[in-house]
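Below sits a lone chain in structure tokens, taken as the form predicted alone.
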Amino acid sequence: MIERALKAWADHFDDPPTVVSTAPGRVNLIGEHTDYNEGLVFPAAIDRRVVVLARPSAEDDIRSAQIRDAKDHRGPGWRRYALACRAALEENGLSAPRIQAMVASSVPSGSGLSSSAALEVAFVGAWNAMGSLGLTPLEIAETAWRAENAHVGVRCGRMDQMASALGVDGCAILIDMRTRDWQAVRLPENLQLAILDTRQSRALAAGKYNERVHECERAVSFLSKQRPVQSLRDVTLGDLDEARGAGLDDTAFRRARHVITENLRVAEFRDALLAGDLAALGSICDASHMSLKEDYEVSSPSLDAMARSARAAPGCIAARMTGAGLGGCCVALIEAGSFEDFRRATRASYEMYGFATPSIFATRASAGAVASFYS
């Protein structure tokens, strides 16, 4: 990816870049729509990355998009993410000069693998290196998250940016989104990660994502009339049943039930992974997908067909939708060495449901974002 970006740079700019900044996409093994509810998540950075080459410039020139107005951080296309990162840095009193930049990416966009978060983390990392700002990986993630929330307009949690900035090679990272504490959990060598892209894109900012955030907030507001509740992290299933009896609407009830049970599944998944209990991993992911489909209503016919196809394929241990949903990807844990048979069977079954040929590829847990001076 760096070589690809450098070749493109040489075709457009006379002087070499100052910094090379890369950041990975991520796949969430389990813990969906829990991050903005102060819950538990279990993502892994993957070996698909965004590369940003950059140097200070008298005028913004970020190829292939021409950027002239740095205040237009809600402008069309992916360029808004770069400008959102600048705005977030400057709001924190940090320098973010105009730049020449070249972007290359192997993270599929709109697929639920956090291409936007990887782009944000890479741009913040580039400015951090250029300006010797001294931001830690966690601070880079926080800045990128503020860019997405305040300037792109997607009320996401911090998981995507944290996974991209903090990824550990060969490990998933278990994050408590209330405390921001996290731990790396090494994935067993006998398991392999596979991404199953339906190629049915979804747009978070324009769609149902913010609606789900509001529905969870509605549940918290109702519950807080009974006792102090900061987020759904403070709520048990018993509390939720009492609230339903007291008049909590059915939609808010089901959204909250998904979040509460998903938090429990994250802890169960971690324990099953460490114990090598493959059957439990499969049943936990099945329950997660069903909850996302029925209680949170963010699955889709293509995601359901993909999960069913994967679960029936040889070598599959577990499969579920991943990311915000309403299109995008499923993730599967498969037996090491079984990928080709798994891919063939999954693709054939999925196409029998009437969907177009998907993109199915193996991936591995990768290191997080890195930025350095170019030489």
Ligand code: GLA
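Residue positions are given as counts along the sequence shown, with the first one as 1. Because the structure is a prediction, the values reported are computed rather than measured.
Another form, the form predicted in complex with the named molecule, is not on view; read the next lines as being about it.
Although the partner is absent here, residue 158 sits close enough that one of its heavy atoms falls within 4.5 Å of the named molecule in the model of the complex. Although the partner is absent here, residue 47 is not a contact residue: none of its heavy atoms lies within 4.5 angstroms of the named molecule in the model of the complex. In the model of the complex, at least one heavy atom of residue 36 sits within 4.5 Å of a heavy atom of the named molecule. The named molecule in the model of the complex comes within 4.5 Å of no heavy atom belonging to residue 222. When you look in the model of the complex, the only residue of 54, 27, 324, 333 with a non-hydrogen atom within 4.5 Å of the named molecule is 324.
With the named molecule left out of view, the stretch that reaches within 4.5 Å of it through heavy atoms in the model of the complex is, among 189-197, 279-287, 130-138, 158-166, 158-166.
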